[in-house]
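Before any questions on how it binds or moves, here is one chain, the form predicted on its own, in structure tokens.
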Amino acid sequence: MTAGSAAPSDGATVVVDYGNMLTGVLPSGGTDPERLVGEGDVARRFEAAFREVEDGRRSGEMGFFALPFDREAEARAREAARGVVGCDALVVIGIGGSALGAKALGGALLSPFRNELDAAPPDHGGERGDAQRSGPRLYVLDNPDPATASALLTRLDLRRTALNVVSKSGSTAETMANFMVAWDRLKRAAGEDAPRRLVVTTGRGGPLRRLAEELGTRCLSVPENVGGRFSALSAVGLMPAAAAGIDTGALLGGAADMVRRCESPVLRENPAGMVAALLHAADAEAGAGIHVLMPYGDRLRWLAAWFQQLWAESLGKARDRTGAIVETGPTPLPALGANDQHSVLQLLMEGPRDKAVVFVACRDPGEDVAVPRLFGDDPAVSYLGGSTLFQLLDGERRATADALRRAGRMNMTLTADRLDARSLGALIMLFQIAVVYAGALYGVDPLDQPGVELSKKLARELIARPAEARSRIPPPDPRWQV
């Protein structure tokens, strides 16, 4: 093992290369690698964080650890998915973690233009990139924006559309409003067949659970000890993934592999631990509290958005576990390579040293496109001929990481063997484990989100009791308007 990579097990699907976070590799700054081993203070702090997380895992508090091994839940999700594969479209209705998981899975593992393909015959394999698709078109309705909801529901043939409404509480305002609109239209279009076009994914109680029981429709459970931002590998993400033809067994298999790789309290042997420990040190010691996740490849765009919620909602806390006011937490920033080399790279290279960058790379793109040899008389562009688009994309990623290193800017790279279900499951689990380690290092509870409750309460009052709400939420003061 080199000094800058987390020790991968045989057949590892994701490797963490953290050399560009270390003193000696960087021309200035970074974490001394001696602190990461033996009695080094970072290694000791991680070991304490690991023990805290293991206690939470054993107590059942951190239920996401068990999801990759719950094959009964996977079977129920796949069975529900089989009930909608004959539909032309599946609309997932949720918000936050109840939607971002499905977006991250679908975005990474399905053809970018899959919804534009014609349906394949039932015996068609439906491999990504084929001229036909298996399963229904997949849409996610995750914001109560009337323009989006109206455009989508007007476009779809609701007689051949299925809905999957996802809310653990069963009362999430944005989700329920979108669902009420879509369900009303589905009932009018499909009549008595509407309940067979509905899959409910929810917690133990609440309005959605009661509705599913009244209608006798398919109902999948979100485990009580799994929060929304940790639910991508539960029925929340598995049902739509299975309906679209994603290999959920491989997805969970990759996640299970990552759980096993992160069972060591030795920092240099724990990939999620290394990510958490170095990003925490970057924030706490070097003032680099902005953590940029920058995958190289369009298919991982939604993974970056999913990471943003996971990192922000888990670590941004007013109080620590003792109740003391700390107002702590890093700021996650999603970016996309190579696009954002043309938007934020200048800031990353020469702006304040308050950022650490996490790149996500892939060794094998699965498919590639050759760049033809054209414009031979113009050396400014002719050098591109004979290469491939992936060579350009990955070359720019490597060059960007090294340019940041030379400028003394901390960065690390997570490299997957290939972008398939197994590697994606490993990546998702790595980040989930890393964030609970980071919660222990910051001294906060990574599983709650008390800061969002006040805005939910005020929004409910604005809709349900507008007169009362007006007295509590003052209108804009014209003195402060221009």
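Here the structure is a predicted model, which means the values were calculated and not measured. Residues carry their position along the shown sequence, with the first being 1.
There is another form of this protein, the form predicted together with a small molecule, and it is not shown here; the text below is about that form.
At the 4.5 Å threshold, heavy atoms of Ile95 reach the small molecule in the predicted bound form.
In the predicted bound form, the small molecule sits beyond 4.5 Å of every heavy atom of Gln341. Taking non-hydrogen atoms only, Glu313 approaches the small molecule to within 4.5 angstroms in the predicted bound form. The closest non-hydrogen atom of Thr31 lies beyond 4.5 Å of the small molecule in the predicted bound form. Annotated contact segment (heavy atom within 4.5 Å of the small molecule in the predicted bound form): 228-236, selected among 295-303, 265-273, 73-81, 228-236.
For the options His291, Arg261, Lys168, Lys317, the one in contact with the small molecule in the predicted bound form, meaning a heavy atom within 4.5 Å, is Lys168. Of the residues Gln309, Ser221, Thr331, Ser134, just one reaches the small molecule in the predicted bound form with a heavy atom at 4.5 Å or closer; this is Gln309.
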